[in-house]
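Just one chain is shown here, as structure tokens, and it is the form predicted on its own.
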């Protein structure tokens, strides 16, 4: 089964990959290992999972603006997610993606979804993202 949803493209780009979906915000500072792509916040439901080259769907970030620096370093090292899906606009993720494109020429799409559409995704699904914010979810 395929589902097509229309999100709001915060940082345009194309990406596809396997979804890693979390239901709670993530702090990249102290919660994401930029060397490996592993989620290392042991209190987070995705703890121990690797987001490298995955479509990481989290409602948003929490905590420090250092999230931007950690994600930017992950892009530089090649350990960042392939794309980020959030509920509403997340400025820390968007800023990291914009700077990554400017500094490294690396596109990291960021798409904001409604709460309803975000709830349609599950880890393990194949997701494709288009520059206009269209998201294709396939089981």
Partner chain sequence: MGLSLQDRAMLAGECGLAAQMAMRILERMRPIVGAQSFLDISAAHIDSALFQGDATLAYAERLAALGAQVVVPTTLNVSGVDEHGWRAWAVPPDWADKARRQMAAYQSMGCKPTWTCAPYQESQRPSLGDQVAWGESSAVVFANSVLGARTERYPDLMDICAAITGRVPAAGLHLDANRAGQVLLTLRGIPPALQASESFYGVLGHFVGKAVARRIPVIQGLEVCPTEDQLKALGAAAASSGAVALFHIVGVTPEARTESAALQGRRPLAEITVTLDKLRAARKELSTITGAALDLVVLGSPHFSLTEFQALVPLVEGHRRHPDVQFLITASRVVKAMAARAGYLAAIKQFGGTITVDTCILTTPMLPRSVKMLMTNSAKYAYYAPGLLGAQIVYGDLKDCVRSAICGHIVRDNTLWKS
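Residue numbers count along the first chain shown, from 1. Note that the structure is predicted; figures quoted are calculated from it, not measured.
We do not show the form predicted together with the partner chain, though everything after this point is about it.
A.B. asks: For residue 78, is any heavy atom within 4.5 Å of the partner chain in the predicted complex, or not?
C.D. replies: The answer is no: residue 78 has no heavy atom within 4.5 Å of the partner chain.
A.B. asks: Whether residue 58 contacts the partner chain in the predicted complex should be assessed with a 4.5 Å heavy atom distance threshold; does it?
C.D. replies: No - in the predicted complex, heavy atoms of residue 58 and the partner chain never come within 4.5 Å of each other.
A.B. asks: Please determine whether residue 72 contacts the partner chain in the predicted complex, using a 4.5 Å cut-off between heavy atoms.
C.D. replies: Contact with the partner chain, yes.
A.B. asks: Taking any heavy atom pair closer than or equal to 4.5 Å as contact, tell me whether residue 103 reaches the partner chain in the predicted complex.
C.D. replies: Answer yes; at least one heavy atom of residue 103 falls within 4.5 Å of the partner chain in the predicted complex.
A.B. asks: Using a 4.5 Å cut-off on heavy atoms, which residues of 85-118 contact the partner chain in the predicted complex?
C.D. replies: Read in sequence order, the residues that approach the partner chain (within 4.5 Å, in the predicted complex) are 89, 90, 91, 92, 94, 95, 98, 99, 101, 102, 103, 104.
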